[in-house]
Each structure stands twice: as structure tokens, then as C-alpha cells.
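Heads up, the chain below is alone and in the form predicted alone; it's given as C-alpha cells.
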């Protein structure tokens, strides 16, 4: 039987970040049922937004992660296409202006460099947007990164530190004795360990069940359209006020737009535009219907008419791990000693991956350097579903 100091389950951006941090001083195995970054981390946009987070603790957590990004490429010794190009949230009509003024003031109070632009200032920066928009909030601290490169970079850096990464390997059981983790059973053998980190994203509830731990995380499906390669068309990243409404809603009812559609727009280094997105509770069904895809396209063209004649070459769908209160769970399970959960980041996995690795390392080492960030992420917090 193989042995490890810690086993990380999940090879997305959260799991690889954790493996990288832990492998500095521990013998780590990372188990991934498919390829590294092939699930949620490979089906998302590239934005690292601060202003889209709620005031208070969510912004505090996002800022802590954003600070790590400043030096991360040097630390990982590779490019992850990190760019500090800023981001904006488009205000689609004057009807939203008062609420967006409040939005900006709240974020200024939280210490974010954000300001309100009128429609002329917006179009000077983003000429492809509609002349009918009322304005936008602009945050110079918003940034972007290539999610696939980031996930691979964390994995490669973990390997250099000695981590053993097993792909196409499925965890079939968490082995426990007398209330303690003693190992992990996989499709390719058993690994003896006293520490298991559940970083399985939308599948985390299934891993928790194996350990006898209750975890309410639901898959929330999202779709993104991908265009042909184009000359630079978008500067930084763009969201719209409808996207923010859908992001912070608890479900697909009430004031949430059909299919949870809201604009997210960015452009990759290779020239492809990523046009999102949607939010639906459809289990693990990846078959997105034409109404959703056409709805995303129509909404995007209404805000950015420059997209009207752009060719869509494919779409992708992924599952955000939804907790209900917009925050992930990063905590030790009280029922089983040695079982740690780091999941439920929903659409903020890319933004929060760097700090999540640090938080889990602190938990494993029983340090108290991140207690202020860990306390609101407890499994038993009252806000969680």
C-alpha cells in the first residue's frame, strides 16, 4: 500500500493550488478522475473580478487572493497570462443608475479602486459597446488570467516539489477507522493517509458522503460561447448589471432573468472571445438547449453590437459548485478527523484559488495565521444551505 501525508481529491484550480502549497513540506498525492483542469476550471471565463463581490467579507477574501496574484507567475516560474487590464460592469439603462451609484460607493468604502463612468467615457474605452448604455462601473484592480494555464502551472509546480499527481483515477471510498481518516481507495489502488482534502468542486458532496460527512453543494450549470479568432476587440473584462443580479441570486426564480443569463465578455491572448453566460440548476446535464445559447448571444449583441457578425465556433458548459450564500466551504469536518473540505467556490474559483491553497495549508498545519479568513468559511456557518 502506498502512503501519503495528504491526499487532495480534485485536479481543478482549487485542488492544484492546494497540492502546490502542501507539497512544499508534505508528501502529497493529487487524485483526479479525468485530466487536470478538464472540469469546471476548463469551462469558465478568465476574469479575476473584485468589484463583483459583495461588500464585507467576500471582498476581503477576494482582495487577499488578488494580492497573491501579483507575484504568482514569478513564484510558479511560468506565464499564466495574468494581466491587470481592469474590468467594468455595464449599466444597461438609467433605471439601474441609482443602484449602481450605491454599488460603487459600497465598494469604494471597502477599499476597492472603483469609479462610475458615463456612457461617453465607457465607449471611449470600449467602442464596441452600444451607444444606448447608461454607463459602467470601472475597477482598475480587476484582472484576468488563463484558467487552463493557471491550473497546469499549479500542477507542474506541485510536481517539482515532489507531489504525485494521478489522473484518470477515481476515488471510490474514504477509509475511516474510529472517526479518523486512514486512507483513500481508488480505482488504481489504496493510499494510506491521515489527511484527505476534498477539492472536488461540484462533485464534492459525493466525496463527502464517502466519509459520512454532510455537505450541501449543488452543481449550477453555466454556458459560454467561444468565437473565431479576432483582432483585439475588448479591453479588459466586461460584465453587466444583469449578470451581477443572476450571480447573487439564490435560484432561478423571482427577479432572475431567464436561464440566469447575464453578459460576461473577455478576449483570450489567441483572439477568441469568451461570451457568457447562464446559470441553471440542471444536475450534471451538460446538454444546453438552443434557447439558452441564443439567449446568451442576443443579450451580448444588445450590449455590444460589434458582436453581431462575429462567428461562434463552439460553446462549452461547466458546473459551478453552489453553496447558497456565495462563499466556499474551507474547513475541517468535525465528524471525521483528518477530512478537510475546500469546495463551493461557484463562479469565483479562479479569483479565489491562490488564497484557498494558503488557507488549506494553514488548516493542515494547525496554524492560526488565517483565522479571520477561515471563520466565515466554516462548514457549520449559519449562512450555508
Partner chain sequence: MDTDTVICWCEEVMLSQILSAINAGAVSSKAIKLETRTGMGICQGRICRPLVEQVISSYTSRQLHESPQLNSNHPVRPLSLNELAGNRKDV
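Positions refer to the first chain, counted from 1. The model shown is predicted, which means the values in this text are computed figures rather than measured ones.
Same protein, other form: the form predicted in complex with the partner chain, not shown, and the subject of what follows.
**Q** May I ask you to choose, among 62, 340, 36, 327, the residue with a heavy atom within 4.5 Å of the partner chain in the predicted bound form?
**A** Of the candidates 62, 340, 36, 327, 36 is the one lying within 4.5 Å of the partner chain in the predicted bound form.
**Q** Please tell me which of 301, 97, 116, 233 lies within 4.5 Å of the partner chain in the predicted bound form, judged by heavy atoms.
**A** Exactly one residue meets the criterion: 301.
**Q** Hey, in the predicted bound form, is residue 259 touching the partner chain, heavy atoms inside 4.5 Å?
**A** Although the partner chain is absent here, residue 259 would touch it in the predicted bound form, with heavy atoms inside 4.5 Å.
**Q** Just checking whether residue 133 would be counted as a contact of the partner chain in the predicted bound form - the rule being heavy atoms within 4.5 angstroms.
**A** Judged by the heavy-atom cut-off of 4.5 Å, residue 133 is well away from the partner chain in the predicted bound form.
**Q** Does the partner chain come within 4.5 Å of any heavy atom of residue 270 in the predicted bound form?
**A** Result yes; residue 270 sits at the interface with the partner chain in the predicted bound form.
**Q** Answer yes if any heavy atom of residue 291 is within 4.5 Å of a heavy atom of the partner chain in the predicted bound form; otherwise answer no.
**A** Yes, residue 291 is a contact residue.
**Q** Of 259-267, 117-125, 67-75, 102-110, which is the one stretch near the partner chain in the predicted bound form, taking non-hydrogen atoms within 4.5 angstroms as near?
**A** Looking at the other structure, the answer is 259-267.
**Q** Which residues from 299-316 come close to the partner chain in the predicted bound form, meaning a heavy atom within 4.5 Å?
**A** The stretch 299-316, when checked against the partner chain in the predicted bound form, contributes 300, 301, 302, 307, 308, 309, 310, 311, 312, 313, 314, 315, 316 at the 4.5 Å heavy-atom cut-off.
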